[in-house]
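Here we start with a single chain on its own, the form predicted alone, put down as structure tokens.
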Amino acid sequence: MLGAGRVRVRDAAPGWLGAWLERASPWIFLAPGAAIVLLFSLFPLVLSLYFSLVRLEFAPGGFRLAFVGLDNYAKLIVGVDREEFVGVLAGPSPAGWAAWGLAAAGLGWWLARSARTVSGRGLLARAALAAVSAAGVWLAVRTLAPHGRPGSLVVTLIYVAVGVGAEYVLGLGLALLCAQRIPGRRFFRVVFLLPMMITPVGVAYLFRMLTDTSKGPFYPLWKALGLVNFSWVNDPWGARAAVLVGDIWQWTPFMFIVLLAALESQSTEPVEAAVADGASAWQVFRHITFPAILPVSSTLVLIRMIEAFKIVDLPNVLTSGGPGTATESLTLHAYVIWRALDIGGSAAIAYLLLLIVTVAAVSYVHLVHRRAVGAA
């Protein structure tokens, strides 16, 4: 009786209308939510793209936005803001030439190997990626030379490469340690998570206090070492190191907790069989444990890499981007010139950052993540 009381849409409406409503009902219910998501995601992108093509000019009674085309991008790459965005180029040192040679040889070998297995658009995409990578290495070699100065682009790449790499290695080491059956491992699991509970601004102020040699909890230590009048943030590389240490301290727990979960969810039977066959701890890790957590590791590195490109709190609070612009990231660079009412230049940096992150993420997914997942 209950089933007889139900009326289907196709039975209550004319034949063609009922069939159409039944086919379109998923889209009808999803359309409002999809429209809201597209509105709040695409509208800011389109608006910021428009802002990157205009320049704010003050006029009688207010202001106006003058269309300048790609001038904001040209100003960053070859114009007046080139030194702050790209950096100061100098002749490479012998170590720089060696790094450039190794990078060029590695990219050439990778392209030659890809030519045997990939063709068509795939090979063309890899050639374009190799060209972009070679240009990035050449820029880093020139700006990191003794008489050069890296801009916000290279500084951001340093933060991403060094920070994410160190965080993964430390997180993996701590996860392997806490996965062992040792006394107090539950206590240390909680302790290792504490940095992740502090806001980025709080971490920045914490390290600002710790690196201050004139006062603070480490003052007796600095005094004993004769570093009372020394400032970490007055030296470009000292300031960058301070930012990197703070970033690594904050985000290593994120790597640790995810990798620990991956290790503890691993099947113990292959490990026990390998140990019974006489395999060493290194052999077990290399051939069993690491391949098992490789898919999780690749996803974890991808998430952290995308997040690392947006670093702004630590360099802003800890060093204010200084000394000069030595620790200025791309996001901080955009924020600084936005405060100076250069809205077009700020939007141009944001779009260049979007392009860089997209290329890096897509390349990583195609070259690393898919292989890691497929090998699991």
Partner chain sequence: MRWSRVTAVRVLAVLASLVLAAAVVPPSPAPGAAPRSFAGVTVNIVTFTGPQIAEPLQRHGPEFQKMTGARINVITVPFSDLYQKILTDFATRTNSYDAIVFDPQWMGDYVSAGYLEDLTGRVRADPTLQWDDILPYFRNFSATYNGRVYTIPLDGDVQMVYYRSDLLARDGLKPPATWADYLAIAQRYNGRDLNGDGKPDYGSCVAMKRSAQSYWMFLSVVAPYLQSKGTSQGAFFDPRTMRPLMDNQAVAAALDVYHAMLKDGPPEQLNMDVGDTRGLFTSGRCALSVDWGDIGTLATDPKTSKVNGKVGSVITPGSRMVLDRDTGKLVPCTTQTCPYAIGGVNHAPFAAFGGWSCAINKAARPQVKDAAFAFCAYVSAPPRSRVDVTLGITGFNPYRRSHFGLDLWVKSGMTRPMAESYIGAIRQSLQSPNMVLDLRIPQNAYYEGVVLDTALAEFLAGQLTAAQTMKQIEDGWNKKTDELGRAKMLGAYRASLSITR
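Here, rigid core means the biggest group of C-alpha atoms that superpose within 1.5 Å across both forms. None of the values given here were measured: they were computed from a predicted structure. Positions refer to the first chain, counted from 1.
Note that the form predicted together with its partner chain isn't included here; everything after this is about it.
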* Asked: Exactly one stretch in 130 to 138, 153 to 161, 93 to 101, 232 to 240 has heavy atoms within 4.5 Å of its partner chain in the predicted bound form; which is it?
  -> 232 to 240
* To do: Would you check whether its partner chain, in the predicted bound form, lies within 4.5 angstroms of a non-hydrogen atom from each of Leu56, Arg208 and Gly321?
  => yes
* Looking at Val228, Ala115, Leu124, Ile77, which has any heavy atom no more than 4.5 Å from its partner chain in the predicted bound form? -> Val228
* To do: Look up in the predicted bound form whether Gly62 has a non-hydrogen atom within 4.5 angstroms of its partner chain, and give yes or no.
  => yes
* Asked: Contact between Leu341 and its partner chain in the predicted bound form at 4.5 Å, heavy atoms?
  -> yes
* Contact of Ser214 with its partner chain in the predicted bound form (heavy atom, 4.5 Å) -> yes
* Is the gap between Tyr219 and its partner chain in the predicted bound form 4.5 Å or less for some heavy atom pair? -> yes
* For the stretch 25 to 40, return the residues whose heavy atoms include at least one within 4.5 Å of its partner chain in the predicted bound form, in the order they occur. => none
* Core fit, then Trp110 C-alpha moves 2 Å or more between this form and the one not shown -> no
* Asked: Fitting the rigid core first, would the Cα of Asn229 be found 2 Å or more away between this form and the one not shown?
  -> yes
